[in-house]
Structure formats: structure tokens, C-alpha cells
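This document opens with one chain alone, in C-alpha cells, the form predicted on its own.
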Amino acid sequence: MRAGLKRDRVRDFLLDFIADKRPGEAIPSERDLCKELGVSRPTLRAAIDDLVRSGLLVREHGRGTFTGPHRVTQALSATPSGSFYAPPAEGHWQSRILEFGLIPAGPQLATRLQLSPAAPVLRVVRLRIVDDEPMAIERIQLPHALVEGLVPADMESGSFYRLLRERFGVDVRTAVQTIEATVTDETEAELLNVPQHFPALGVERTTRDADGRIVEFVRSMYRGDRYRVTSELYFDADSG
């Protein structure tokens, strides 16, 4: 069997092994794993390295290798109509406001928000913190006309969409969201307390209210080792 295939087999074994473990539990020694799987130490270490880079395993010098920290899960549940319902993500979420101010929309943002280029846009950048750990950086752009009177303290805790609905009469209903693999730059790594070029999830979302108006454009960066998205899907006779 080729080395790459052996490493994949070892990686799949380790994924199955740690799936039922709690954060911080030790995995068996390299000697025991090599004996059980019938592979060399370099092959085993290559597979472990992959999981360490993704945050699923943690090496501690002189102690061994342990399962990584708990990942915050955002569930997306498909409906028979083909849309998704997004309940609140687990954990206690708070925010530290990094930027809060008005900017002109400009050509590109005006197109995204369906505004004139001169229209004022409220730009908010916040560090999202879950259970006292930095989780994500959110860069939010909002048409200022919809949220006049919003202040930084409003975005430090609680549901932002509930705030939009209850104070500003903006009933958020739908969004188009993309998620893709990326890595952190130097500034993002420092804020998220991870190394530069650390695996991350890049999320881009355009949000509309019940009247179809675009009310928000967001770009976010989530730690790849602490955040995951799970989806519940429906299939019919035409599904691939």
C-alpha cells in the first residue's frame, strides 16, 4: 500500500477514535498505535501532524498527544422547501468592538447593499468570544439609515438580529451565505490567538429583511480548530 494511502487509513482510524472522546483525553502511545495499525512511525506521525494542524489533536512536549478542545457547532437544518433554518450556535457569545464608524458606501459596497455610492454605511468590526475564548472576527456593513442610534455597546452581547427587529423594525428573514477554507493573516492570527496562516473558515453573508431589502453584508473569519458547521439535509428522487 502506498504511503499516502496508509496515512489516510491511519488518519481515518484516529478520527474514529477521537470522535467519542472528551477534550483533553490522551490517545495511545505511538508505539502502541504503530503495532495495532501495522504502520511505521513516520506514517503515523504524518497522520497525527495533519490532525494537530487542524486542531483535532494537541501535542504536549513530554506528556503525549491529546484530543483537542471542544468545537462550537452551528447547526443548519434544511426544510422541505429547500431553505435552511439557523438556530443560535452553542455556547455563551460576547463581543469586543474593534471598529465602529461611518464610511461612504463607495462603488463596490453600494452594489452589495443596493445603495448609492455616497450613502453612509455603518462599519462594525468585532471580535466574537465564546466561553472566554476568541472564536471569530466579524466585519459587518449596515445601511446607516436602517440603524440610526445604534451604539457599540448594543453589539457586545445578545442577539443582534433580535435587536434589529425589536428596536429598528428590521425583520431579518433570509441570507445567502458562503463558507470556504482559508487561513489567518498576521492581524487575524493575533486577535484569534493562533499562529499566522492558521486554518480558518471564511464566511460571507448577505442578509435581507421580510421586504427583500438588503440590510447587512458580513465577512467573518472563524477559527478552524474551534468552530464547525453541521447541516441536516433532505433528499428526494432527483437528489444526486
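Note that this is a predicted model, so its numbers are computed, not measured. When you see a residue number, it is the position in the sequence shown, counting from 1. We call the rigid core the largest set of C-alpha positions that still match within 1.5 Å between the two forms.
What comes next is about the form predicted together with the DNA, which is not displayed.
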Listed residue (206, 67, 184, 43) with a non-hydrogen atom within 4.5 angstroms of the DNA in the predicted complex: 43
Partner contact for residue 190 in the predicted complex: the DNA, 4.5 angstroms, heavy atom: no
4.5 Å heavy atom contact, residue 202 to the DNA in the predicted complex: no
Touches the DNA in the predicted complex: residue 32 (any heavy atom, 4.5 Å): yes
Contact flag, residue 28 vs the DNA in the predicted complex, heavy atom cut 4.5 Å: yes
Answer range among 193 to 201, 172 to 180, 33 to 41, 206 to 214 for contact with the DNA, defined in the predicted complex as heavy atoms within 4.5 Å: 33 to 41
Rigid core superposition, residue 26 Cα moves 2 angstroms or more between this form and the one not shown: yes
